[in-house]
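Consider the single chain below, provided in structure tokens and representing the form predicted alone.
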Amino acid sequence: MTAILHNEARQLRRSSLILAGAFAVIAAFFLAVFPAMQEEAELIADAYPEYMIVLLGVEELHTIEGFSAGYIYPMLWILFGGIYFAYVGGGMIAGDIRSRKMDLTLSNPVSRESVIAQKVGALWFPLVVLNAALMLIVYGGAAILGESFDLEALLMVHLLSVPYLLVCAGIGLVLSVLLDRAGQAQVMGLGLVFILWLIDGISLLDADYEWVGDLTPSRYYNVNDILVHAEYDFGDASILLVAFLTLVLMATFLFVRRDI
């Protein structure tokens, strides 16, 4: 039975397409200012406060890879992409319980484990649409500007982002099972992703507290390493996948035992 999966994916179409369009417009704006910033890259980098350089991972701004890794991906992909998936995850269970839709769903021959699995499986749609949209606009925009983008590195930055985005969705999913209102789960989910992103960046400012960042998902997805240095850390991606599966199992365990 895959009716839930198809229905959930269909419900995600509108928000995914709207966000993909927004990402395309914002990314195009960033790329439009790149030629002007390229000439003053060193001065701009020197003018940045240290915490902003660390937080955004500013490095080699004179290259299209460094510019994308320092401006486009930290904000659009790591922060807002993560927030979106946490928001989606936060509405997966609590919303249906609140509207009594879950009662109707479970009246059919479907287990609670299957409900979780199919709702998580529906994330394939925003993952594909958002990755494709941002990758095409970045690669196409760079080509229009006459810049040569390493296609392999660009593909890898999106492929390795999938585990990170899934972890963000998993955070929202756990909250969706624990809380009674979808709005509360969604707000707490996106807020937690934002706070974890800040902790990751701020912890790098002090070596004594750098270990704190190891507890955040964004620590295991380094865009600069991929785009600027062409280093692909599959070990970190594996850690994120394990974290995602752990969150899904936790949500399933709690949902099976929850009285709705």
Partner chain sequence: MTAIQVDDLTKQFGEVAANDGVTFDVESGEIFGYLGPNGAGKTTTIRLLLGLLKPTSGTAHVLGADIRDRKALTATKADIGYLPDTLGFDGRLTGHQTLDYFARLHGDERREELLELFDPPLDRAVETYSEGNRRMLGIVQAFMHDPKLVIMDEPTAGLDPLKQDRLHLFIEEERQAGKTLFFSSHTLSEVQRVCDRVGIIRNGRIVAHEEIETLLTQSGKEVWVHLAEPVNEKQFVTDEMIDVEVVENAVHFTYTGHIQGLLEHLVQFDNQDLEIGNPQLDTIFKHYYREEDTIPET
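Just so we're clear, the structure is a prediction, and the values are computed from it rather than from any experiment. Positions refer to the first chain, counted from 1.
FYI, the form predicted in complex with its partner chain isn't displayed, but the following is about it.
S.K.: Using heavy atoms and a 4.5 Å cut-off, decide whether Ile4, Gln11 and Ser111 all contact its partner chain in the predicted complex.
M.R.: Verified in the predicted complex; spot residues all in contact, yes.
S.K.: Could you confirm whether Thr105 comes within 4.5 Å of its partner chain in the predicted complex, counting heavy atoms only?
M.R.: Taking the distances in the predicted complex, the answer for Thr105 is yes, it comes within 4.5 Å of its partner chain.
S.K.: Determine whether any heavy atom of Ser99 comes within 4.5 Å of a heavy atom of its partner chain in the predicted complex, and answer yes or no.
M.R.: Taking the distances in the predicted complex, the answer for Ser99 is yes, it comes within 4.5 Å of its partner chain.
S.K.: Can you check 157-165, 171-179, 184-192, 112-120 and let me know which stretch has heavy atoms within 4.5 Å of its partner chain in the predicted complex?
M.R.: Stretch with heavy atoms near the partner: 112-120.
S.K.: Would you give me the residues of 244-260 that have any heavy atom within 4.5 Å of its partner chain in the predicted complex, in order from first to last?
M.R.: In sequence order, Val256, Arg257, Arg258, Asp259, Ile260 come within 4.5 Å of the partner.
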